[in-house]
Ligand SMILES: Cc1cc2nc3c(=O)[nH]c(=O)nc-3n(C[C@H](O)[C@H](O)[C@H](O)COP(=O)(O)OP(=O)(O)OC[C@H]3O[C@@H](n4cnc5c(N)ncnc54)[C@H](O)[C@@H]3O)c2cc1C
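A lone chain, given as structure tokens: the form predicted on its own.
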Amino acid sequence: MLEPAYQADVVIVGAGVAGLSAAHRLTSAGVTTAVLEAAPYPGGRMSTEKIDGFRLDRIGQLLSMSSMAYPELRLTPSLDTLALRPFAPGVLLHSNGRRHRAGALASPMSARRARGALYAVRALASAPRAASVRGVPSQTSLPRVRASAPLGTAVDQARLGAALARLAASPVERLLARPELPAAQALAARGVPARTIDGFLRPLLAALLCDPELTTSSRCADLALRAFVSGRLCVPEGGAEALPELLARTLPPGTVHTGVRVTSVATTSVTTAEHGEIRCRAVLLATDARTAAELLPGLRVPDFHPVTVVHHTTDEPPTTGTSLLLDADRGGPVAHTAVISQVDPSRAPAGRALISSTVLGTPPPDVDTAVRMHLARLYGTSTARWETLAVHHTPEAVPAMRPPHDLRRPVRLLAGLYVCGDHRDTSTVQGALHSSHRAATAILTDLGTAGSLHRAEPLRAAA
């Protein structure tokens, strides 16, 4: 029997979630696959540092428990067993020294109820004090909301609830057909009051998209809000690395090769520093956008949103429970923070609390001191005795999605050469997984076979 002319059907460059999930789809179809990762471990940006029993995410990406918002978490082979830890429903907003609960809508009837509440509030607001509306006695008063509260007046809140409920009920295709503007302009054009945008939607979208200036495409912002209202925010149990670790662990043995640096790619081979040339039938680039462009000059490199995550520990945790706390006032560097060990107890040793806080944009020079001062105001407690565990700064953490943004950038460059990742879709875990799904489908179509016709050879050291 002749030796095979190649060492694998498909070589995937990059062992982040996009590359690993594509490997699952290909190996499930019987296609021999080799995943090459330059780092000593898989996971890419979804990595978790371990210090003295703490699990510290480097970026701290938020997921959604909604299968409608994040369907690829359930559609990707092996990820249906991923354990997710939910935050409390909605979010906490800190404004003018007080915290306000802003909840997500939970049922299909929410749109009708929110519209009904809006009509009722308008009617009561315009009716004389002594009159009653549909049997509501005059002494019954609506909950009063201070004008300075982050959600605005009762009418503002009802209008916002109706708009979010419509988003939750809208098909994705309808949202993607809307005119595309920067998110801030689109919200203002829809008549959303400025105080509602700045007090609630801006800090919320900053947490979801890492874009506090709301320059993101309004279509992408709509998808993010739709995900928020359709399911609770969550994090993977055990840290962000749990997701790629699960994918890597459940691939056939010998599929993932770490510490292998790819120096060039072609349609039928890749060249590595450690193993020389590796022959194959197709190559899939599943790296970050900048690395992909270095291997294939001409690929677009987007702008990026930098993210800094600061981790503290204390034996006296703040009393916010499992809530995600956002700063509606933008009164310091912290965009959002949480006592993450109360959301996921596996991230801290017994008797210690882990507080993880996210700074967006360029961090201040003395980031830890600035973050401590800000957290003292947000949590209403002294942070002087808190211990700093780590400060993780990632300059190119999240690809920017400014309009016009193509949510389905091509994954097939030519027959035999493909690319996937969050820079080809939306800048989320869902986007990375979905782009890998598209790429694997294109590869299987082009190979024209449901399985490998040859056995794969082990990688050998370069001569």
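This structure is a prediction, so every number in the text was calculated from the model and none was measured. Residue numbers here begin at 1 and follow the sequence given.
Below, we turn to the form predicted together with this ligand, even though it does not appear here.
This chain is displayed alone, yet in the predicted bound form one of Leu324, Leu204, Val260, Leu79 has a heavy atom within 4.5 Å of this ligand; that residue is Val260. Contact annotation for Ala338: none of its heavy atoms lies within 4.5 Å of this ligand in the predicted bound form. The closest non-hydrogen atom of Arg45 lies within 4.5 Å of this ligand in the predicted bound form. When contacts are judged by a 4.5 Å heavy atom cut-off, Val13 counts as touching this ligand in the predicted bound form. At the 4.5 Å threshold, heavy atoms of Phe54 stay clear of this ligand in the predicted bound form, well away from it.
Here the chain stands alone, but in the predicted bound form its contact with this ligand, taken as any heavy atom within 4.5 Å, falls in 281-289 among 211-219, 281-289, 196-204, 155-163. Residues Leu295, Val307 are the members of 295-316 with a non-hydrogen atom no more than 4.5 angstroms from this ligand in the predicted bound form.
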